[in-house]
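Listed next as structure tokens is one chain, alone, in the form predicted alone.
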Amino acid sequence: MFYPNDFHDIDLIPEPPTEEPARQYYYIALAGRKLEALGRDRNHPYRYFLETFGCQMNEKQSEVVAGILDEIGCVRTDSEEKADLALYNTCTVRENANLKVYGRLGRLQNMKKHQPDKRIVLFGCMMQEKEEAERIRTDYPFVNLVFGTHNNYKFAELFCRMMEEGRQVIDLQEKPDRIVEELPTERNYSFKAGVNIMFGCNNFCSYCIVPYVRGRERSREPEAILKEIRSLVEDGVTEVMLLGQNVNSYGKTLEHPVSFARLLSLVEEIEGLHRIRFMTSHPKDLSDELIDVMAKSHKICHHLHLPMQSGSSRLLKDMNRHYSKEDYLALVEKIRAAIPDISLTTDIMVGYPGETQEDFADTLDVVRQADFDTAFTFIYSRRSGTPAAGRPDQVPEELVKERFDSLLALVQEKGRAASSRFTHTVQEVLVETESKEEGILTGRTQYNLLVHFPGSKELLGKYVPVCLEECRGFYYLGRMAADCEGH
């Protein structure tokens, strides 16, 4: 995007630069020449397999790693077995995410016995936990490279170390020291892209490990964000997703503070940009200014992800969420008054320590009143090092499962009813993928609803008017408006 057109032109005779990102450009060039030399003795290019666990922030970081590997001269493959380099961007929000990684490592260990030259890389949130990184060091010595969330930008440099050193390389930073811009990125889509506007989190919810593995909040300068989006638009992007652990607190750490609502207004002014999305919003500091900007905007999608976690004021206080059940419902009412067609989605946790039947009933009550289009429901997962993990009043597993099933049934019932309000309307759909079934396309409305409809793959990346004919809960079946009677 803003990096050199040809890394082959970089002079490798002097010592590596100390400033970033020039230092990483140097190592991209160095790694590329190392692979060129390696390739002379091979009958195929150096292939890599990359899998991402977790959130869209992780997806964005994986795009940077993929972009660097592409510049180095590696070729991506969907085959874990055929890859010379296998990389895994890890998540640690819930215990199950960690278990997935260890399950994968068991298979990779056996694979590496038959492919001793295969290199394995683990990075991301799970690796930022000291205990997990130490376990990899002692129990999984066949893993070649480990790094965390704070030094993702150093991947080219770490790749060179891994290729040069005949031992396991573990490189972790305890705290983030900088935001490094202008690194190569391999986007998953040509027409839409995620854009980081901030990193880290200052909320310290009692159940959440994110502030410990991603660090404290750091906002990017608005000029850097706008520059990146303009460049993306010039490259064919028409929809951007602004990313942060809590976008509502964007700009507070800047030398000259800028509100998130103001940033959205600046992004809206970019010509050629058609849609703006963002996530995630914390209810405690969603401002009237932001609601007003969304209501007046012609580009900001009318979809808001507003994590609730629990409907119990007592538990919300214990979780350190800084709002009550009544506050949350009042906010929902205020949003709907300003933006009547808004699509609201949320996160809901079941089984937080000390949760009583009365607390759970409050959660169900909010679901009945708020009319969420979708709610992402999950069972509380004890994360080591968080305040909630040490609580003695953990809820029995059988009771949690019973409550979870009850919540899920209500969420599906209410979600189907809320989503079906668009039946027999024509909506603009951004076509994203072609289904496994040939001739069936999949896209999203501005309300973040999935739509499947017949069409040709030439429509990928385009905005198409689609008649939504049948609601199937959280997705629609439809036809292009020109093919529908009466349109």
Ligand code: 5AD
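Residues carry their position along the shown sequence, with the first being 1. These numbers were taken from a predicted model, which means no experiment stands behind them.
The discussion below concerns the form predicted together with the named molecule, not included here.
- Among residues of the shown chain, Asp371 is not one whose heavy atoms approach the named molecule to within 4.5 Å in the predicted bound form.
- Within this chain, Gly415 is remote from the site of the named molecule in the predicted bound form, having no heavy atom within 4.5 Å.
- Heavy atoms of Phe378 reach within 4.5 Å of the named molecule in the predicted bound form, making it an interface residue.
- Taking the partner from the other structure, the named molecule in the predicted bound form has a heavy atom within 4.5 Å of a heavy atom of Asp347.
- Screening Gln309, Asn89, Asn98, Thr77 for any heavy atom within 4.5 Å of the named molecule in the predicted bound form leaves a single hit, Gln309.
- Proximity to the named molecule in the predicted bound form, defined as a heavy atom within 4.5 Å, singles out one entry of Arg383, Lys154, Arg104, Arg275, which is Arg383.
- Of the stretches 221-229, 287-295, 301-309, 190-198, only 301-309 has residues with a heavy atom within 4.5 Å of the named molecule in the predicted bound form.
- Heavy atoms closer than or equal to 4.5 Å to the named molecule in the predicted bound form belong, across 201-238, to the residues Tyr207, Cys208, ordered by sequence position.
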